[in-house]
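Read the single chain below, which is given as C-alpha cells and is the form predicted alone.
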Amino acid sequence: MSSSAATAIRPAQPGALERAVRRNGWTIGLYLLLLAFLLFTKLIHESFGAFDIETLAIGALPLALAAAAQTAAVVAGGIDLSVGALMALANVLAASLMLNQSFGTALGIAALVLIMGALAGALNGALVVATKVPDIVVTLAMSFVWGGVALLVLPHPGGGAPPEFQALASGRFLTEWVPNALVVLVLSVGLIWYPLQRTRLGLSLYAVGSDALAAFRSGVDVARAKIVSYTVCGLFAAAGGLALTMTTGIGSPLAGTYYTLSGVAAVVLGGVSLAGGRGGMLAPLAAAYILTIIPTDLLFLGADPNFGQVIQGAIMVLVVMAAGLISLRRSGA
C-alpha cells in the first residue's frame, strides 16, 4: 500500500479546538446551562436586567468561594466539612474587628483573617495526615471547634464593616453588566488557585488525589500535598467569610451552616470527582451561580423557594449517577 493511500484511510486526528472541547465538555455544558437559566429567568421575569445580575453575583459570591474551598480539598482526594464553620469564623472575626474602623484598617484586618483561614486549614490537613483518620471525620470534628470559636467571638449577629469595604462586592465594574462581586470572585480564584495549579506543587495535588500510592512512589510528598490542599481550602473559606461580611455588613456565627453542603453540591455539579484527581475550578463556580439562581426562579414562579434544596439534592443524585454510569462504560470499554 502506498504512503498516500495509507494517509488517505488514516482517521483524521482531532484538532486542538476539538480536543479542548472534549476535555472541557462538562465545563462548557455547565456554562451553557447557566446561560439557559439566565434566559429562562428573563422569560419569566421580563424586568430581569443588570441590577438583577448584580444581585445574583452578590448572592452567589460566598457560595462560589465555598465551592472553590471544597474543590481544593477534593482534587487532592479529601473533603472538608468545616468549610462553613471556617467561613462563619472569618465572618465574625472580620465584623468584630472592622467595626468603626477605617477602610485601610479593614483591608489590613482582611489580610489577617485570610492568614487565619490558611493556618486553620493547615491545621485541618496536619491532623488528617498525623492521625490517619478519614478526612470526613477529622473535618467534621473541626467544624464543631471552629463553630464554637465563632460563637465565642460573637455570640449574636453584630459587628460591622466600613461602607468602602462593603462596596468592594457591590456596584459594577466599567460596565453595568459586570458586577464588582464577579470581579472579586475572578481575582480571588485567579490569584490563589491558577498560579498554584501550574506549579509542581499544584500538580502534586492532582497526583495524590488520583492515586496517593503511585504519587508517593513517583517521589511526591503526599503529606505536604494534603496539607497544602487544606491550607488553600482554608484560605478560600476565609475569603468566603470576608465575602459574607462584604455582602451583609455584619457578622453572624451561624452564617456558614448553609455553605458546607451547598459547597459540596456545587463541586459535584461541577463535575469534580469526589474520588479526587480530576476537576477544576471553573465548573464549580458556574454551579454555584446555578444553585443560587434556582431559588430566585422559584420565587418568580410563585413557588416555595425551599423547593430549591429539593432540586439541589436531586441534581446531586443525578450527577453522581451519571458519573458512575460513565465510569462503568469507560471501564467496560
Partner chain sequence: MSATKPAPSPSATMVRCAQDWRRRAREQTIISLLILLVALVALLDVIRPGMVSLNWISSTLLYAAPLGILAAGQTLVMLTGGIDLSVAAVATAAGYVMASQATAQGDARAVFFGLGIAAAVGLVNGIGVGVLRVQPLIMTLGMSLVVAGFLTVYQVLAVASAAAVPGFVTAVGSGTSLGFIPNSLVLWVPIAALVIWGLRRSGYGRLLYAVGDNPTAARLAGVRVWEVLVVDYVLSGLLAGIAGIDLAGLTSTATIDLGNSFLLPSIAAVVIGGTSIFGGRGGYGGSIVGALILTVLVSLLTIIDAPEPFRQVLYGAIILGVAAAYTRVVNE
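Residue numbers count along the first chain shown, from 1. Computed from a predicted model, the values in this text were never measured in an experiment.
Quick note: we don't show the form predicted in complex with the partner chain, though the next part is all about it.
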query	finding
Touches the partner chain in the predicted bound form: residue 274 (any heavy atom, 4.5 Å)	yes
Any non-hydrogen atom of residue 138 within 4.5 angstroms of the partner chain in the predicted bound form	yes
Partner contact for residue 175 in the predicted bound form: the partner chain, 4.5 angstroms, heavy atom	no
Proximity of residue 149 to the partner chain in the predicted bound form, heavy atoms at 4.5 Å	yes
Segment that reaches the partner chain in the predicted bound form - one of 299-307, 54-62, 282-290, 24-32, heavy atoms within 4.5 Å	299-307
One residue of 261, 203, 99, 107 in contact with the partner chain, assessed in the predicted bound form (non-hydrogen atom, 4.5 angstroms)	261
Answer option from 79, 183, 223, 119, heavy atom within 4.5 Å of the partner chain in the predicted bound form	79
4.5 Å heavy atom contact with the partner chain in the predicted bound form for all of 103, 112 and 115	no
Those residues of 113-132 which, in the predicted bound form, come within 4.5 Å of the partner chain by heavy atom	127, 130, 131, 132
